[in-house]
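This document opens with one chain alone, in structure tokens, the form predicted alone.
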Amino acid sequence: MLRGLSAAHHQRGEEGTKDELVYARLFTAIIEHRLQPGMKLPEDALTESFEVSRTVIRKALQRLALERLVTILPKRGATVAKPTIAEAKNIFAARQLIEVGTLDQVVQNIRPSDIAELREIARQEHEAQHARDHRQAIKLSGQFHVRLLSIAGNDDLTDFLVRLVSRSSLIIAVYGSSWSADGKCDSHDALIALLEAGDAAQAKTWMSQHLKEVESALDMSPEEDSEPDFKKIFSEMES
């Protein structure tokens, strides 16, 4: 009996490991733009690629759907999420509230070891920008923001920011970003200097402006109506 329970527990443990592996790889592929917004995620193809059961694939896709990185529609299956303009604006508004709002606590809690870690992430980000490795630069930028917020000591807000940063990566993939694509994305050195000086007010001003500049670099102009202007088309033919 005990041997049977142990075997069953071991089997569930292996299944759980597979769940995490599939989820983690899909998550990374999405935020690194290896899987583009709107791309279909057929269960059969994923099952074959990962060599796991369909159940494992479904669990991973459902988890990603809860995080709004994947969209699942009845009879149409799963696709990589494609944020709308309204969703993009909401995400950056939420980031303003969280990231600017927690900087007072960050400045109170920050230690030299935190400064050193932030400097190292910024250094790697700077190298990625110079190498024009935009995928890595975007990933490191998100890592910087999450590590910074973690210093405030609020795990719930940090977990929430992880989701917002992940969705921000999708937004950049959909709407493009000259801010990151042309290497102008700030390496965060100026913010680190303000944090080291204990200047919370200026750090909040910097962060707010930084997020606004990242957002403004996105091309979020309203999409054109899909229905053509027939009157204009045919009137031009007459002239």
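Residue indices: 1-based, along the sequence shown. Everything quoted here is computed from the prediction, not taken from an experiment.
The next section is about a form of this same protein that is not shown, the form predicted together with the DNA.
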The DNA in the model of the complex: contacted by all of 19, 58 and 78, heavy atom 4.5 Å: yes
In the model of the complex, residue 213 touching the DNA (heavy atom, 4.5 Å): no
Residue 28 within 4.5 Å of the DNA in the model of the complex, heavy atoms: no
4.5 angstroms heavy atom contact with the DNA in the model of the complex for residue 52: yes
Touches the DNA in the model of the complex: residue 196 (any heavy atom, 4.5 Å): no
Of 189, 32, 67, 43, the one that lies within 4.5 Å of the DNA in the model of the complex (heavy atoms): 43
Candidate stretches 137 to 145, 70 to 78, 124 to 132, 97 to 105, one within 4.5 Å of the DNA in the model of the complex by heavy atom: 70 to 78
